[in-house]
Ligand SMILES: Nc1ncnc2c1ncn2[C@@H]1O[C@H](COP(=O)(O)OP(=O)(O)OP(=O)(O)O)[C@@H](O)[C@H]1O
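Have a look below at one chain only, the form predicted on its own, in structure tokens format.
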Amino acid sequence: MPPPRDAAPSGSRTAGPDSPRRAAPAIALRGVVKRFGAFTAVDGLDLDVPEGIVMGLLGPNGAGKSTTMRMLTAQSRADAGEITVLGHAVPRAAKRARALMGVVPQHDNLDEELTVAENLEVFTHLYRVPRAHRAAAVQRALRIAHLEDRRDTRTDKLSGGMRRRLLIARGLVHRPRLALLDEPTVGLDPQVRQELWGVVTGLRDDGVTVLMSTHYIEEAERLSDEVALMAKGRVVVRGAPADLVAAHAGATVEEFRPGPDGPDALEQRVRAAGLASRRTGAHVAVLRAEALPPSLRDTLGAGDARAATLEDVFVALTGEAVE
């Protein structure tokens, strides 16, 4: 069983003069680079993940999220930089780090011929759970994934959502201190996705540090204590979702249909007023629309207002769409 953790997430508050020294992050990446031939998948990545939080890696396909996950588990070696996981240098001490983490891959690699419980039992052996604790470990993992009533069901008879929950349970069967979730809800319908959100929230409540890669905006916004927005192999900005939206998009985004002079002219007028904008189909979305000067609003005409989102932040900072 892992050692006890602090009740509050470390690294999430500013230490005062009489506060204890801030604990080392659960994950630290410094100047990490990974190339595949002439293509640089991860380009000087710097990222700390404090213990006890859910950190979301948000970005479009090809941003470097999955490559980062593979380097953290030593499935892929960085070409440059330093990686530390729970105090262990990776890949040099990768075996020690892997013993303390649970990994949920993006692709389903469950053993089809085994039952739900048998899949979990195999991993109690691989993770060296003591024999006397294996049955309890399997039962706990089944409970986390809400699969108690399916323990004797063959894996090939499970629905897609159940299989994904089993993948998560398999990675948690040894009570890891850190869980790496690589696109945990990719390809699932919205209802099943929300069921899995409850599993992730439960991990945080249990004190497990979670690093979750995703390209679903709502998922990152709902689950993450902090989000790191990735593009072209590096972190563009990080912070609490609400703080990022407030800082970079404001409270309201308003979408306007360009006039006869076209969207470029509209965006030029918006930028001249000190505001950011983004294209949304045939419209131009103006960020921080609550700050639009009345004179400019009169020239823009009627717009459609909505609440600002993380997607607005990401597109404004990177020029890329997340999905």
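Whichever C-alpha set is largest while still superposing within 1.5 Å between the two forms counts as the rigid core. None of these values were measured; they are calculated from a predicted model. The first residue of the sequence shown is number 1, and the count goes up from there.
A second form of this protein, the form predicted together with the named molecule, is not displayed here; the remarks below concern that form.
- Partner proximity in the predicted complex, defined as non-hydrogen atoms within 4.5 angstroms of the named molecule, places exactly one of 111-119, 67-75, 139-147, 90-98 at the interface: 67-75.
- Using a 4.5 angstroms threshold between heavy atoms, A41 counts as touching the named molecule in the predicted complex.
- The shortest heavy atom separation between E183 and the named molecule in the predicted complex is within 4.5 Å.
- Using a 4.5 Å cutoff between non-hydrogen atoms, Q106 counts as a contact of the named molecule in the predicted complex.
- Although the partner is absent from this view, G31 stays clear of the named molecule in the predicted complex, with no non-hydrogen atom inside 4.5 angstroms.
- Proximity to the named molecule in the predicted complex, defined as a heavy atom within 4.5 Å, singles out one entry of L287, I27, A63, V284, which is A63.
- Between the named molecule and the residues R234, H248, R134, H215, the one pair within 4.5 Å by heavy atoms in the predicted complex involves H215.
- Once you line up the core between this form and the one not shown, the Cα of K95 stays within less than 2 Å of where it was.
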